[in-house]
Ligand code: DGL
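Okay, so here's just one chain, in structure tokens, the form predicted alone.
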């Protein structure tokens, strides 16, 4: 069984990509929406939540855990790998390098939470990018809250997205990295405001491929779930499950 967790419902954007390439696996998805968002919380707070959720997922039978949250990856995945070894943890990778390879203007924009932008994983990846590439960053203020409320399109979503995306576009970015797993659910207003000619990079497909490779190497692929009728996935929420069910239904119903 594959365990997946996020601060809220956003990690379903990663689960969607995982299910595409591992459709016969069994899953348990934990949305920590009682404690969402993680972006402004301390490293210690997020580590404590990550431990509690990992314990829960292991109790459910998870043999591998996907940290489908950029902020939790930045704050806690190193601790999880140390304390739960030899269990494997798959985290979110900042998609700055592929964005740098694709830009024509030499400017890439990163939309992320404050916690992700301060994390060592992101800072290390950023420092490895060619010095000729300019990276501009902005916190997607209010993005997570929109997704958790199910406001994915319309005037409110567009106004919120425009406030954080416009500074990146004004700086000349022609490639935008989505640095939070909630953000792909706002892809329609993001694309509308960014306009044609601006590429949007979602790291979720690459994370799914990495998970499959690790599972193959570790002999963890079971293929024991139902291949049709939707994924074999148990949804668990630490708070109100309505948002989780709503986003899940948008993906699979």
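Positions refer to the first chain, counted from 1. Source: prediction; values computed, not measured.
Another form exists, predicted together with the ligand; not displayed. Remarks below refer to it.
**Q** Report the residue, out of 36, 53, 190, 204, that has at least one non-hydrogen atom within 4.5 angstroms of the ligand in the predicted bound form.
**A** It is 36.
**Q** Taking the ligand in the predicted bound form as the reference, which of 76, 165, 144, 173 has a non-hydrogen atom within 4.5 Å?
**A** Going through each option in turn, the one that passes is 144.
**Q** For the chain shown here without its partner, which stretch in 113 to 121, 80 to 88, 165 to 173, 94 to 102 has non-hydrogen atoms within 4.5 angstroms of the ligand in the predicted bound form?
**A** Looking at the partner contacts, the answer comes out as 113 to 121.
**Q** Is residue 108 close enough to touch the ligand in the predicted bound form, meaning at least one heavy atom pair within 4.5 Å?
**A** Close contact is absent here: in the predicted bound form, residue 108 is far from the ligand, nothing within 4.5 Å, heavy atoms only.
**Q** Counting only heavy atoms, which residues in 85 to 105 are within 4.5 Å of the ligand in the predicted bound form?
**A** Heavy-atom contacts within 4.5 Å come from no residue here.
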